[in-house]
Every structure is written in C-alpha cells, then in structure tokens.
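We begin with a single chain expressed as structure tokens, specifically the form predicted alone.
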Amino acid sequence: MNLLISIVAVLILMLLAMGMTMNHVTIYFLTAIAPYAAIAVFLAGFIRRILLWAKSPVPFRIPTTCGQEKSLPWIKSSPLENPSGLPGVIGRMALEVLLFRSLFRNTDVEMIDGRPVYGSASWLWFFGLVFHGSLLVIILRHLRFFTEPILPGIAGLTAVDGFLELAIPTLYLSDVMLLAAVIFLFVRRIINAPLRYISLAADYFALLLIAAIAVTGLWMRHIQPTDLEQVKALVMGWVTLSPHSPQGVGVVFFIHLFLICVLLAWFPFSKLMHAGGVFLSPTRNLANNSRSQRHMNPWNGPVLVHTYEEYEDEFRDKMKAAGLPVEKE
C-alpha cells in the first residue's frame, strides 16, 4: 500500500506538470514563480530544522564509540573511533560525510535455521556512496546553466564525467550511476522483507521522485533533445530576477522542472534532511573526553546529598544491632 501511494503521488505530480503546459498562465507560474517558491520553502525549512536541532540540549557527551578511549600514555587509543579532541572529531566527521564510514562498517543479519547469521553490507555502502556522489556531480554539472561564463572547474568536471564519449550527445557516467544506484536501493527496499515492513510511503516517494527526475533528464538529453540555449536563458533569467517563459523546450522539460521544485520544497520536511542533520548529531560531533573533563548538566536542579557519615549517625544503633560494621563507635 505504501509503495502504491508513492507511485500514484509521483504520477499525479507528472500529470499535474503536463496539465500546466496547456495554458500560458500556468506555464508562467511553473517557470517564473514555482522555482522561487521552492527555493524559499527549501531555505526556510532547512534553516528552521537546523535551528531546532541546534537548540536541543546535549548536557552530556554521548558519542558513539567502538575503539579504545584515550587514557594512560602507554595504552594505545583510537583517535577516529573514539576521538578525545577536535582533530579526531573533524577526521571522524570527514570520513562519515565523504566516505560513509559507519555504513561501511555496518553488517547484515539473516535468520538461518533459527540462528542469526551476520554478513557484510558492503553493497549497500557502495551503492549509497555511488548515489550521493553521482547526485553531487550532477548538481555541480548543472551549475553551468547558472553562470556566464561557465566556471573552469565545472567545465573540467563535465569533461571528466563524459570522458568515455559513449554516445552522441555524450552519455555522462554520473547519470547512469545515479539511476543504477536508485534502482538498487528501490529493489532492495522491495525484496528485503524486514526493510519492506518498516518502509513508509515517504521512503518510496523519495526514491521514485529522484528516479523520475533522472529519467526525464536522460529523456531530454538522449531521446527528445531540448534546446539548451532556451534552458540557459531561462535559468539566467532566474539569476538576474527577470524570469520568462521559454519557447520550444518540450513537455518533458516542464515535468523535469516541476519535479525538481517539488523535491526542493519537500526536502526540509523529509528524511533527506539527514544531509544537514549529520553535522549536528551528538553521537558523531562530540569528543569523548569524559575522563579528562567533568561535564555538569546545567538543567539539573539542586540535589539533597545524604553522606555516609550522616547515614551512619542516623542508623548506627540499628547497624550495630544487625551486626554491621560502623566507622564510629
């Protein structure tokens, strides 16, 4: 049912975009108003979520650790698995953000003959890394539409991405890898029974929405080519705050654009916000220095302390009667 809901939702969005192309007013809304509205919702929602997370109290050090903590000089510690200072935290966060280190260390479990059998989950790590890396390359490559002249780094990245020159026009590796990674993640969510059981409609919707954006992008490039000069003029109109409606770009372009606007507006309210939340996760961004520093909870109220001396003064007679040792006779 959740899968069906997500499929229907994506199809409705595509049909809605097609319907907007039937009228000049709705086309103007789609090309001149919707992008600004989507960006505004994205920025406002992103900042709001970050501020809410930043205001969450974290009175204690709660980093996830799986290595030796720094203690005595002759005991070898693990600065990345159990960082004790800022350099270790930065290294750990860099490996997490750039290489998904914790996902690489993840294991898969399966019940065989009533016993849990653990195995590697390296395929999930690999396709997760491919998915995010390809998406980043595609986003950077699309920056050529937003600048005039094209930035040298973007031009070089585009050349490297299409160095195989497999087709005319050039088939970019990032496009193929992104689509392959999305298919893997989607199929895995369907055929894996435990994962399918906990999957929500939003989980399928995110994958299907990104897949629809990728497919429409490939369609415009290899099956029904779109006038890139018109696309460039449209995007530069957004940048210069003088938007207009393009001519001769085709229906698929409007579907592609509308789906991107939906993804931007939906991003801050979905699980995709882990892109920003990973930097504010106290299990990752805190150093484990509880042995070298004492961390006090500022929200704790005053505690009435009952020392052992006071306890013994109160119950000394009963302790003697019970045969318990006392410090004072």
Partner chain sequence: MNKNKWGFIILGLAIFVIGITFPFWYGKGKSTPPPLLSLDTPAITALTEKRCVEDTAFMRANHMKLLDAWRDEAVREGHRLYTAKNGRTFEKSLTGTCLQCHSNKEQFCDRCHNYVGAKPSCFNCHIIPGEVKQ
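Quantities reported herein were computed from a predicted structural model and do not represent experimental measurements. Positions refer to the first chain, counted from 1.
If you look for the form predicted in complex with the partner chain, you will not find it shown, but the lines that follow are about it.
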Contact flag, K271 vs the partner chain in the predicted bound form, heavy atom cut 4.5 Å: no
With a cut-off of 4.5 Å between heavy atoms, is R144 one of the residues that contacts the partner chain in the predicted bound form? yes
Contact of I50 with the partner chain in the predicted bound form (heavy atom, 4.5 Å): yes
Partner proximity in the predicted bound form: I168 to the partner chain, non-hydrogen atom cutoff 4.5 Å: yes
Residue stretch of 108-116, 201-209, 129-137, 228-236 approaching the partner chain in the predicted bound form, non-hydrogen atom distance within 4.5 Å: 228-236
Find the only residue in I190, I183, L151, L95 having a heavy atom within 4.5 Å of the partner chain in the predicted bound form. L151
So the partner chain isn't shown here. In the predicted bound form, which residue out of A155, V176, L99, L195 has a non-hydrogen atom within 4.5 Å of it? A155
Can you list, in sequence order, the residues from 24-55 that come within 4.5 Å of the partner chain in the predicted bound form, counting heavy atoms only? Y36, I39, F42, L43, F46, I47, I50, L51, A54, K55
